[in-house]
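In the form predicted alone, a lone chain appears below as structure tokens.
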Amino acid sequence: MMADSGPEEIAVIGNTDLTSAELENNIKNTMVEIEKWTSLLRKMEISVGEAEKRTGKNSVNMQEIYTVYLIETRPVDAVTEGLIPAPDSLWRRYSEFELLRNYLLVTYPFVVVAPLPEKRAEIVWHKLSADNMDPDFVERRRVGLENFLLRLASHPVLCNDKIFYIFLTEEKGWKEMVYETGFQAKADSRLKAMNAAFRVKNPDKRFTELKHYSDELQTVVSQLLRVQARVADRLYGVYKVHGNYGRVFSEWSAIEKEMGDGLQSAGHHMDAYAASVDDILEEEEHYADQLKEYLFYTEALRAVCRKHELTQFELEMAAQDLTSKKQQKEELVTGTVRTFSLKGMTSKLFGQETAEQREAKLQVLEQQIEEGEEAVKEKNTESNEFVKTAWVDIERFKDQKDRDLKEALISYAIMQISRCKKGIQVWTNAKECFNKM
């Protein structure tokens, strides 16, 4: 219990858990507010049309090769009216996409911000290039960047951000506007976040469970991607072997008279099957990119959890400081010292303070207590508001994740079934060729 507690005492909410009914009601109320907002995609078509290599000087005045991406936007109203105006377009580097996302992470700490596609290829099967300038990789990144912009534009909160809109529509002066927001000064340091994680006394169990879930999801998706990469390697080998079948059957047909036509036809079927490997592996990479998006989403979940821990830690520190000030006031009023302190030793050595000194200190403490109560109240409100808004977005993210991953897994299963059917058809055709010999 706090010393000198009265009817106006501000209770310390060490744990911001809400009941399931309260949380559900908060989510419903907030979702009603969100539905009033308009998605940017209802007003504007957004695409990343192409990528282009360029050369230029970097920050240390050295020549470098880099890739830029063409962002195209077009008003939806014009399209629905049958007009197809030329899209507005501008070029952005990958680093500018990174700057945009960093700004959004700081400005909207309660949002699970969509991740960017990987900067360099990771967890790839060995036939793919890991070079970030490789045309195939650049094309996949272009698709990923477009998906990133569409995620932001369809988000009920982020779609209304002015800086995001300027990123899409104004090529020059955008970076200056971002830095003018002062978002970098507001960013929480990693050390500060780690300190809060270790020292917070009453963490919200839902955010703790969410952090554990994000770690487990990251592990599972990483394992799934590694399995998929091994499958792609073996698949590549199988298709190449069928190409060898085609070559051998064609060579064999040249030395046969009665069997020649059948062997040559069977060889053509094998060659066609082997040639389709590029399309198959492109589908494999599309599936891998869908999984990688959610692999990177796990860090976005942890970022929300870290911000909550920091908010909770600041609340607890404010409450602890308030308790200390009230205890000092009680000791000053009663003249008793509860715990060992330098002040108590000083009083014993040099005598008690005068009435005027005590009165002056009492006035200072009362002012500090008043400020402390206001600080606790403010932090309490901030913590509760963060929990409310963050959990709404987490629920939105969960629905999106379940929907997207279900669709990706079903599509992958259909692709595997189709692939097996093609293999069966190739050998069925080969059998018919052999029967005609």
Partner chain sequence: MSRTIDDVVSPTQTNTIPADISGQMLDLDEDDDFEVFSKDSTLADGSMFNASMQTSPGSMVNQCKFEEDEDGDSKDIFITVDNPESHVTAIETFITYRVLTKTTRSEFDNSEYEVRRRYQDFHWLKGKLEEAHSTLIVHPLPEKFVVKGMVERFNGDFIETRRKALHKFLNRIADHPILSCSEDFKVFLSAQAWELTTYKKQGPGFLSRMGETVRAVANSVRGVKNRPEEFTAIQEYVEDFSNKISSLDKVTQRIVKEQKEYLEELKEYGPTYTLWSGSEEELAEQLKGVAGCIERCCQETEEQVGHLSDTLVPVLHEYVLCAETLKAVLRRRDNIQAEFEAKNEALATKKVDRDALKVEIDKLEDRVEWANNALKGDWVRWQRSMRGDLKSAFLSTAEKNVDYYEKCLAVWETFLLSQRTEPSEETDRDNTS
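Treat the numbers as computed from the prediction; the structure is a model and nothing was measured. Numbering follows the first chain given and starts at 1.
Below: the form predicted in complex with its partner chain, not depicted.
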Residue within 4.5 Å of its partner chain in the predicted complex by heavy atom, from Gln320, Gln223, Asn202, Thr181, is Gln223
Picking from Ile166, Ala187, Val231, Val333, the single residue whose non-hydrogen atoms come within 4.5 angstroms of its partner chain in the predicted complex is Val231
4.5 angstroms heavy atom contact with its partner chain in the predicted complex for Asp402:
yes
Non-hydrogen atom contact Lys406 with its partner chain in the predicted complex at 4.5 angstroms
yes
In the predicted complex, does Gln363 come within 4.5 Å of its partner chain, counting heavy atoms only?
no
Report yes if any heavy atom of Leu217 sits within 4.5 Å of a heavy atom of its partner chain in the predicted complex; otherwise report no.
yes
Full three-residue contact with its partner chain in the predicted complex, heavy atom 4.5 Å, for Arg93, Leu150 and Leu281:
no
So which of 236-244, 169-177, 67-75, 99-107 is the stretch with heavy atoms within 4.5 Å of its partner chain in the predicted complex?
236-244
In the predicted complex, which residues of 240-278 put a heavy atom within 4.5 Å of its partner chain?
Val241, His242, Asn244, Tyr245, Val248, Phe249, Glu251, Trp252, Ile255, Glu256, Glu258, Met259, Tyr273
